[in-house]
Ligand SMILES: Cc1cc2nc3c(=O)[nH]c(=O)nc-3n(C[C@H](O)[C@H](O)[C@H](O)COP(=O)(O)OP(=O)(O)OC[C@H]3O[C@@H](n4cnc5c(N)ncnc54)[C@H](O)[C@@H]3O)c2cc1C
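Below, in structure tokens: the form predicted alone, a single chain.
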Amino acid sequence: MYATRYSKPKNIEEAISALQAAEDGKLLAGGMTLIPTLKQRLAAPDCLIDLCAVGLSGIAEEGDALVLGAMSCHAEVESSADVQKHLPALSLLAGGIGDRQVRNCGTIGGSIANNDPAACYPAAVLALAARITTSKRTLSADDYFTGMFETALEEEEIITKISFPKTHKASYAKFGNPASRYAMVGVFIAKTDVGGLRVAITGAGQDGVFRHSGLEAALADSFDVAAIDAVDIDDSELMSDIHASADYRAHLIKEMTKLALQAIG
């Protein structure tokens, strides 16, 4: 056993102070990854800082954007009338994460802060050219994701909200692991005034979520399923593991892109 303290700050300032005071503090934003990590003794923080009471949940419209508080859980995103109206693809994505318990505990901020290479939300954030606001600054999606389990977040920096442009020209399709429902391959296609046509892929890249320039170029030229067949999917930078080979993931990328495109209509 090891000793650890539990802190439940009431606002973002208290959370940052707790982080600064800890030698190895960890933020608890749902715990869907952190708690299993602690149970396996893969992490031993001296302080757990629970963000559930700092006031970072909630979903609101702000002009042409839909703003999600970082502590909004997946079930909240799935059931939100505003998300269903202005960004239905994001609602469907949230509804396909894990099981009901996971969806009622896990948060969008926790997901993108962890940036698991098989998580669903990073694909939506990147494809929709979302903006990530933290306790220090605002980052574009392209600048935020930097590698597998890596982001541009600095020490003592906390995500506060994510801003998505409203659009119905978006869709997500994933081939999920039958046990965990993590994405073995997930493809999010979006056409927005902010970011143009973007295709983001999760579950497949050796460096985590990424945009596929070949698919973007093909669909920009012809927004049709037939255009996807002509795109070369290089498997040299794709993952191979016990679930799927890089070659199989390359095949799934095309198939999931087709399904996502068909859903847009």
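Just so we're clear, the structure is a prediction, and the values are computed from it rather than from any experiment. Sequential numbering from 1, following the sequence displayed.
Quick note: we don't show the form predicted together with the ligand, though the next part is all about it.
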Location of the ligand contact in the model of the complex, chosen stretch of 188-196, 76-84, 101-109, 163-171 [non-hydrogen atom, 4.5 Å]: 101-109
Contacting member of Leu153, Met148, Leu139, Ala129, with respect to the ligand in the model of the complex [4.5 Å, heavy atom]: Leu153
Any non-hydrogen atom of Gly96 within 4.5 angstroms of the ligand in the model of the complex: yes
Contact of Gly205 with the ligand in the model of the complex (heavy atom, 4.5 Å): no
Heavy atom of Ile159 within 4.5 Å of the ligand in the model of the complex: yes
Contact of Ala113 with the ligand in the model of the complex (heavy atom, 4.5 Å): yes
Stretch 28-47: residues contacting the ligand in the model of the complex, 4.5 Å heavy atom cut-off: Leu28, Ala29, Gly30, Gly31, Met32, Thr33, Leu34
